[in-house]
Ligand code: AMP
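As C-alpha cells, one chain now follows by itself in the form predicted on its own.
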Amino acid sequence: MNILIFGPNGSGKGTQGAVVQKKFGVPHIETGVIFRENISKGTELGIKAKEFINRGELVPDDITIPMILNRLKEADCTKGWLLDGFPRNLAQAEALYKALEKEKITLNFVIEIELDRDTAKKRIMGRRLCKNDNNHPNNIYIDAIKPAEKYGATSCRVCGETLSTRADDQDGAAIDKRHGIYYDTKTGTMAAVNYFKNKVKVIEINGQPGVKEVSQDLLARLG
C-alpha cells in the first residue's frame, strides 16, 4: 500500500502517519530525513543538495525527486510506504506523479487531513511541553488534552510537571507563512492535493475530532 499524506501544520498529520505506519507495517518516510541521510552518506545527490542548502536555497525538484524514488525502491518499501512532506506545491505534485509512473510505482491512496486555518494555528500555538516528557500531550486549545491547573498555573495533565512553550510555536508570522503555502489552492499544497483527486483515491479525513476518533475514521477508510 503506497500512500501520500497531507495536512496543515497543527492537523496531527505526524501522529496519524505513525498510526498508519504501525497498522500496515510500512515505513513512514519524511523528506527531511531523506535529505539528511543523503548528505551524511555523501551520495551524489546529497552533495548536490548540500550545495543549495548551504546557499540558503531550495533544493530543486530534479534532485529531490530522484532522492525520494531511490528511497521508495529500498527493501523496507516492498510492502508499501507512507510519504510525508512532499509534494508541497502543484508543480512538485505533477513532477512526482510522472516520475512514479515512469518507474511503474503505483500510488494507491492520498490521505488529506482537513482542518481550517484558524483551528490549525491555534493548535500549534496552544501546544505545551512537559518538563518531564515531551511525549505527554498538552494543548490549551484541545479539550481532551488540556493541561491541568496547579497552584494557579497550568501543569502537565499526565504527570503534573511544569510546562513550557516552543519559541517557533509562538511565532504567528512564521506559522502564517507556512500555512499560506499549504492552503494555497492555485499553486500551493492544496493545489497539489486537488491535482491528485483526478489521479488516485483521495481519503478526506476531518481533523477536528480527537486523535483517537480521527485514527479510527482513517483506518476504517483505508480498510
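We number the residues from 1 along the sequence you see. We call the rigid core whatever largest set of C-alpha positions still superposes within 1.5 Å between the two forms. Keep in mind it's a predicted model, so treat the numbers as computed, not measured.
Here the subject shifts to the form predicted in complex with ligand AMP, a form of this protein not shown in this document.
Ligand AMP in the predicted bound form is approached by T64, whose closest heavy atom lies within 4.5 angstroms of it. Of the heavy atoms in F196, none are within 4.5 Å of ligand AMP in the predicted bound form. Within 4.5 Å of any heavy atom of ligand AMP in the predicted bound form lies no heavy atom of Y182. Mapping the unseen interface onto this chain, G32 counts among the residues with a heavy atom inside 4.5 Å of ligand AMP in the predicted bound form.
The stretch among 83 to 91, 107 to 115, 148 to 156, 131 to 139 whose residues place heavy atoms within 4.5 Å of ligand AMP in the predicted bound form is 83 to 91. Every residue in the set N9, I53 and V59 has a non-hydrogen atom no more than 4.5 Å from ligand AMP in the predicted bound form. Contacts with ligand AMP in the predicted bound form, taken as any heavy atom within 4.5 Å, map within 173 to 197 to R178 alone.
After superposing the rigid core, the C-alpha of P66 moves by 2 Å or more between this form and the one not shown. In the core-superposed comparison between this form and the one not shown, H28 has its Cα shifted by less than 2 Å. Relative to the superposed core, S164 shifts its CA atom by less than 2 Å between this form and the one not shown. The gap between the Cα atoms of L58 and T189 is smaller in the predicted bound form, by no less than 3 Å, than in this form. Relative to this form, in the predicted bound form the C-alpha atoms of I175 and N54 approach one another by 3 angstroms or more.
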